[in-house]
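Before any questions on how it binds or moves, here is one chain, the form predicted on its own, in structure tokens.
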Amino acid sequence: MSEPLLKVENLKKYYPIKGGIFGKVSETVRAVDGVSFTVNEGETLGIVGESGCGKSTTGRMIMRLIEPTEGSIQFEGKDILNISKSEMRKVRKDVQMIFQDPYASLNPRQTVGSIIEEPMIVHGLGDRKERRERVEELLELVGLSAYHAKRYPHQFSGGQRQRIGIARALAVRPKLIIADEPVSALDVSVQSQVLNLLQDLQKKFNLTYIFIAHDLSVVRHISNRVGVMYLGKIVEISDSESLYDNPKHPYTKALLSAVPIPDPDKTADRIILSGDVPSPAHPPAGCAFHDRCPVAMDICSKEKPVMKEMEDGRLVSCHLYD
């Protein structure tokens, strides 16, 4: 079996909270607390979880837009946390990002053409004529027109702006694209168009995606495998079909029970979780989910569960399966 394109091991990001007169560190927010996963070439790994669970922070650490506190990120066998800024710039040619907010991620003072051309200039790709041709080609590819290159972002709808963001990410022919909730700010009618576009582009260019979202139905539509995050940790990783048909972790079961069923004659067995998500500054002892878990045991409040591989190949972090 070939090596994975991306391998993330024990990735952590802690933010110190300073207080008092002398600004001493009083607490630490554990935004991401020991995340590990692999992504194979040509696949889509979905990462889901509630708001604040560390999904976007994980994506930004892979891009090194945020520097991790601890852990390793290996891209094509190279640990990108131990390389210089100039070497990291070369890696970013192969790893691009599509941001959540299509309104905030595009410079309002630049034309669409110059926004898409900018990554090519940064990485020294082609001359002026070749770059302009590439911009027009990319605009056509994402469902816009070549003449749109002279317009400004404010002249487009949200869905069109996200298409521009996708074109910008594709400009330098990347191998891996991290899509950070790319459709959550769009109308439902536009979401499916953008998702279908991403799938078409993946087939055409053999792209690899990390698709971050909180909408489980969206993740099911696009992902080959899914990782479920809770309070800075991954609690379950499975192929998409197995996860949705037979979830193993109690948190995954609760998440899936909340998905609306488009059939008035069917009623879902809702799993109502007690309490609120704990603060990442004060995570519970033992399993982070134990104080909300409907099947918690004594051991759950004392020992942290270890990620274990099940007989069907999925990974689950839960004492139920010891």
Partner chain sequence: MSQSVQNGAAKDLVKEKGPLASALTDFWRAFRKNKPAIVGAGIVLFFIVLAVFARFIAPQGINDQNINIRLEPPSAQHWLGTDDFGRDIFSRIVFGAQLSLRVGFLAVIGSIIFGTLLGVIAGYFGKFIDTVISRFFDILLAFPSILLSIAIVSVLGPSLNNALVAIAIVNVPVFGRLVRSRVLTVKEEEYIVAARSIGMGNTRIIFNHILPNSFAPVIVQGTLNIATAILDAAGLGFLGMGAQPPQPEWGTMLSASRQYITNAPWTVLFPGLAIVLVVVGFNLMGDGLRDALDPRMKN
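Worth saying up front: this structure is predicted, and the values here are computed from it rather than measured. Residue numbers count along the first chain shown, from 1.
A second form of this protein, the form predicted in complex with the partner chain, is not displayed here; the remarks below concern that form.
Trainee: Against the partner chain in the predicted complex, would Met63 count as a contact residue? Criterion: heavy atoms within 4.5 Å.
Mentor: The answer is yes: Met63 has a heavy atom within 4.5 Å of the partner chain.
Trainee: Tell me, yes or no, whether Gly71 is in contact with the partner chain in the predicted complex, where a contact means a heavy atom of each within 4.5 Å.
Mentor: Outside the cut-off, so no.
Trainee: So in the predicted complex, is the partner chain close enough to Asp215 to count as touching (4.5 Å, heavy atoms)?
Mentor: Looking in the predicted complex, residue contacts with the partner chain do not include Asp215, since no heavy atom lies within 4.5 Å.
Trainee: At 4.5 Å between heavy atoms, is Gln202 in contact with the partner chain in the predicted complex?
Mentor: Taking the distances in the predicted complex, the answer for Gln202 is no, it never comes within 4.5 Å of the partner chain.
Trainee: For the interface check, one of 247-255, 202-210, 95-103, 223-231 should have non-hydrogen atoms within 4.5 Å of the partner chain in the predicted complex; which one?
Mentor: Only one stretch qualifies here: 95-103.
Trainee: Just to be sure I understand the contacts: of Glu76, Asp239, Glu118, Glu137, which is the one whose heavy atoms reach within 4.5 angstroms of the partner chain in the predicted complex?
Mentor: The option sitting close enough to the partner is Glu118.
Trainee: Can you list, in sequence order, the residues from 110-145 that come within 4.5 Å of the partner chain in the predicted complex, counting heavy atoms only?
Mentor: Stretch hits, in order: Gln110, Thr111, Glu118, Pro119, Ile121, Val122, His123, Gly143, Leu144, Ser145.
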